[in-house]
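Taking the form predicted alone, here's one chain by itself in structure tokens.
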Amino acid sequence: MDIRFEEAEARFEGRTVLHPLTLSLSERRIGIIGLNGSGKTTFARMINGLVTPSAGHVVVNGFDTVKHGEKVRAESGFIFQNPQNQIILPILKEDIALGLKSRKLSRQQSDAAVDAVLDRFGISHLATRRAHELSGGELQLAALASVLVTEPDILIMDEPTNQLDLKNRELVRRTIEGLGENIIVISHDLELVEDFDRMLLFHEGRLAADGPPADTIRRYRELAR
């Protein structure tokens, strides 16, 4: 993983949401924390190209997010805070297969890829279920499957344990722990990211701390007082 922000800034309707930022990310597991409205989600969406910089550049694995948006999105998958919003088709296996359409695979190849990713997350029994029939934890696993079937190098997750009960939170935590992909997780759930390789803290649109989780969490608690 090679992510570079080069004086990258994000402004919306004249308001600066993320002030000019220069940094590089290469660690396999990165946590992003901060108060609501701190700029952390905007930062993460800039990695995937969902938000393009108002000034400066963001480069992901050698691809500029403005010039090579399609390639950037192939490199980095994004799971939204409410995973139900990104499940488009009613039947789970059909929704997962939708992500493979651009690859022009044969029906046999597509079915095999879908079966493999369902099996990977232990949700083969949910293949013909509808999104509204799934629990919160099952929805997160379904969203994971729909993104990872395309084999991105980087997985970005926005509040993956938000509003989950303890059982489903533990299910999602164990699943994230077992992933082999490069992972960037935005979370208010500090326990979820406390053992990651690196942690970024955003505050009022600026990077307030960057380093080992213990140090960054300590700084976060100081700002939250």
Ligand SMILES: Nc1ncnc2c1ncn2[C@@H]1O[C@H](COP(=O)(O)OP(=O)(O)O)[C@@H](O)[C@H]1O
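Quantities reported herein were computed from a predicted structural model and do not represent experimental measurements. Quick note: we count residues from 1 along the sequence shown, nothing fancier.
Not pictured, yet referred to below: the form predicted together with the named molecule.
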In terms of non-hydrogen atoms within 4.5 angstroms, which of the given stretches 23-31, 36-44, 191-199, 57-65 touches the named molecule in the predicted complex?
36-44
Distance check, L207 to the named molecule in the predicted complex, heavy atom within 4.5 Å
no
Can you tell me if V17 lies within 4.5 angstroms of the named molecule in the predicted complex, counting non-hydrogen atoms only?
yes
